[in-house]
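Shown here is one chain on its own, the form predicted on its own, set out as structure tokens.
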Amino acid sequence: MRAALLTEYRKLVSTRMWWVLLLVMVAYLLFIAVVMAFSLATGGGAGGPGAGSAAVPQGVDAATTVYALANPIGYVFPLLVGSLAFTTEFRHRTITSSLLVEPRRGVLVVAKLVSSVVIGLVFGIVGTASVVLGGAPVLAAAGDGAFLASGDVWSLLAWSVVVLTLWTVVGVAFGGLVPNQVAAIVVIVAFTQFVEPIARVVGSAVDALSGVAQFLPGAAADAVLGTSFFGGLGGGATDLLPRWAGLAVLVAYALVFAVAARSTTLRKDIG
């Protein structure tokens, strides 16, 4: 298993795509954090046009809203980099040699999942740091403060790293289930940028759908963080799962995708 883990880790970091995605994620999250922090600071800060409005987060709530953006806005990047663990092998037909080296297909799946944790941590730390670097100066200058001495803020940042790491693992499992690289990328981008955001906004506005929306992967991740960005856009109350349940749902997605990949994609003869 140790040899398989080292091999899979080297495969992940031996190409340039992971750090290209990392750089794009940093630029994207920095920009979004600056825009969101400025919007909250000018719309909900003291003396701002939205001052006193309960709909606009203020104080430490504004800070946590900005610092939590790495999940609802940036989770597409660890998902994509995780999916490359499988889809790149099928695209370049190196999966055959991988199975010759490690013929136990279950071990191969586990090795890919576990080895992705390291690169997931990198994306988690860098992604979380990006929203802080982008948002904190704006909040400190134009809002009620950056609140970087708050224990609640640091707890949120720690859980943000955990969540982004889990997204990488989920991406690996999904890539095994959908080994066609183009198809996997299209599905991931479409789901994270359009399907789930719309579903969560609708779910927050329609009581009959709110229970289902809680179990969407992004909503489960928000439950781990304890705050929701998309839910409030629907104009209704946002109910999140308990933190432990959110973690369980995310892990369940990874396990279900991994088992499905082992039972379908990796069950076939691969030549």
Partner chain sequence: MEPAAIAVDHLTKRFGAVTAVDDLSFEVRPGAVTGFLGPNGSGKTTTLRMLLGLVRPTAGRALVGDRPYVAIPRPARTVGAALEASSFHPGRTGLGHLRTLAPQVGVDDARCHEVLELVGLVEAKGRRVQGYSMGMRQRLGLASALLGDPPVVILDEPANGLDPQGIVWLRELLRLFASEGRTILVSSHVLAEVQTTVDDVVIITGGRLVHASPLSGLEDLAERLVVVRTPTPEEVERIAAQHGWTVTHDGGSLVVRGATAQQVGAEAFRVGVELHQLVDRSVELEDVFLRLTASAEDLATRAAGTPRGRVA
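From a predicted model like this one, the values you see are computed outputs, not experimental measurements. Positions refer to the first chain, counted from 1.
Not on display, but discussed next: the form predicted in complex with its partner chain.
- Interface residue remark: Gly151 is not counted as part of the site for its partner chain in the model of the complex, having no heavy atom within 4.5 Å.
- Although the partner is absent from this view, Ser155 stays clear of its partner chain in the model of the complex, with no non-hydrogen atom inside 4.5 angstroms.
- Not displayed here, its partner chain is kept clear of Ala190 by more than 4.5 Å at the level of heavy atoms in the model of the complex.
- For Ser115, no non-hydrogen atom is located within 4.5 Å of its partner chain in the model of the complex, even though that partner is not displayed.
- Looking at 165 to 173, 94 to 102, 115 to 123, 71 to 79, the stretch with residues near its partner chain in the model of the complex, meaning non-hydrogen atoms within 4.5 angstroms, turns out to be 94 to 102.
- Contacts to its partner chain in the model of the complex (heavy atom within 4.5 Å) from stretch 1 to 25: Ala3, Ala4, Leu6, Thr7, Arg10, Lys11, Ser14, Thr15, Arg16.
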